[in-house]
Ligand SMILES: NC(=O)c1ccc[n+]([C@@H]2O[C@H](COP(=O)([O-])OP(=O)(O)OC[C@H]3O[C@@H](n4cnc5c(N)ncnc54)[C@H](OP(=O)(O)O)[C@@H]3O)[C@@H](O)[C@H]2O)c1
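Single chain ahead, written as C-alpha cells, the form predicted on its own.
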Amino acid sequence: MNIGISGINGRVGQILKQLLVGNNAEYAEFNLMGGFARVSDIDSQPITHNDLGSFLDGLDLVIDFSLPENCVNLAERTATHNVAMVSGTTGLSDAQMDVLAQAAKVTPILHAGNMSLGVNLMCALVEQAASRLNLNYDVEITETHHRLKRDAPSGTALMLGRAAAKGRGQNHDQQAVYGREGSAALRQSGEIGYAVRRGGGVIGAHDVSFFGDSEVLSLSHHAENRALFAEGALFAARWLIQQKSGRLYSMADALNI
C-alpha cells in the first residue's frame, strides 16, 4: 500500500514516519511515499511536498493529522485523485465535516476525533451506559490536554458527549453546556456538561461521569504515549483500504462496534 502523511512534521506525523521508515516488520505492507507540510523538502526521506497535487500522485491512501482547513482541502483533492483518506484532524466545524462527507461519497474516507482504539471502545461503553441510566443520571465530561492544544473541548470529549446523547436519544447540541459560572448556573435536567483543563505536556485525559442520587459511575481514558494515535491510524488504514466509497466512516466502523 503506497501511503503519504499529511502533517508529517507534526507530533503524530513524526511518530508515523518513525513507525514506517524503520523496517518495522509489523507495518511491512505500508510503503511511505512522501509527506505533506507547509515547507517542502526534496532532500528529506521521504520527500516532503507543499503542493497537494504532487503529494497525492501515486498514493493509495493518505493519513492526515493536520489543521482543519488543510484537512478539508485534502479531502476534496483525494476525491479527484481516487486516494483513500484516514484523518485524525480535530476541531472541524459542522460545515467542514459536511465537506468530508461529500468527498466520502467518491472515495473511501474515515475520520475520527481520536484514533485510539481504547477511546473508541469507551465511546461505545458511554452510549450503552447512557441508554441504561437515562436522564436519572447527570452526565459530566472532563478533559485535560497540554497547553498548546488549539481546540476546546477536545474532539474526543465531543465524541464522548455525542455518544452519551445518542444513548439517551437527545440532540447533543441542544443539551451541551460548555462550562458554568455565575449565580444563574443551576444545572438543568438532561444537560451534558463539559469542563476543560489545559496545562503542561498532558497528552490527553478524558473522564465521563454519570451522577445519580446514590452513586457515581465514571469511565476514564488516559493516553500515555502519542504512539497510540499513530498505531490506531494504521489500524484504520488497513481496514479502510478494503472498503468502498459511499459514506463517511468512523473508527466504530473499523472496530465493528
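In case it trips you up, residue 1 is the first one in the sequence shown, and so on. If you're wondering where the values come from, they're calculated on a predicted model, not measured in any experiment.
Although not depicted, the form predicted in complex with this ligand is the subject of the following passage.
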Looking at L32, V196, L59, A37, which is the one with a non-hydrogen atom within 4.5 Å of this ligand in the predicted bound form? A37
As a check of understanding, the residue in V126, A157, M115, I109 with any heavy atom within 4.5 Å of this ligand in the predicted bound form should be identified as M115
So in the predicted bound form, does any heavy atom of F55 sit within 4.5 Å of this ligand? no
Contact with this ligand in the predicted bound form for D151, defined as at least one heavy atom pair within 4.5 Å: yes or no? yes
Heavy atom to heavy atom, is D41 within 4.5 Å of this ligand in the predicted bound form? no
How about T90: is it within 4.5 Å of this ligand in the predicted bound form, going by heavy atoms? yes
Options 211 to 219, 24 to 32, 63 to 71, 184 to 192; stretch whose heavy atom lies within 4.5 Å of this ligand in the predicted bound form: 63 to 71
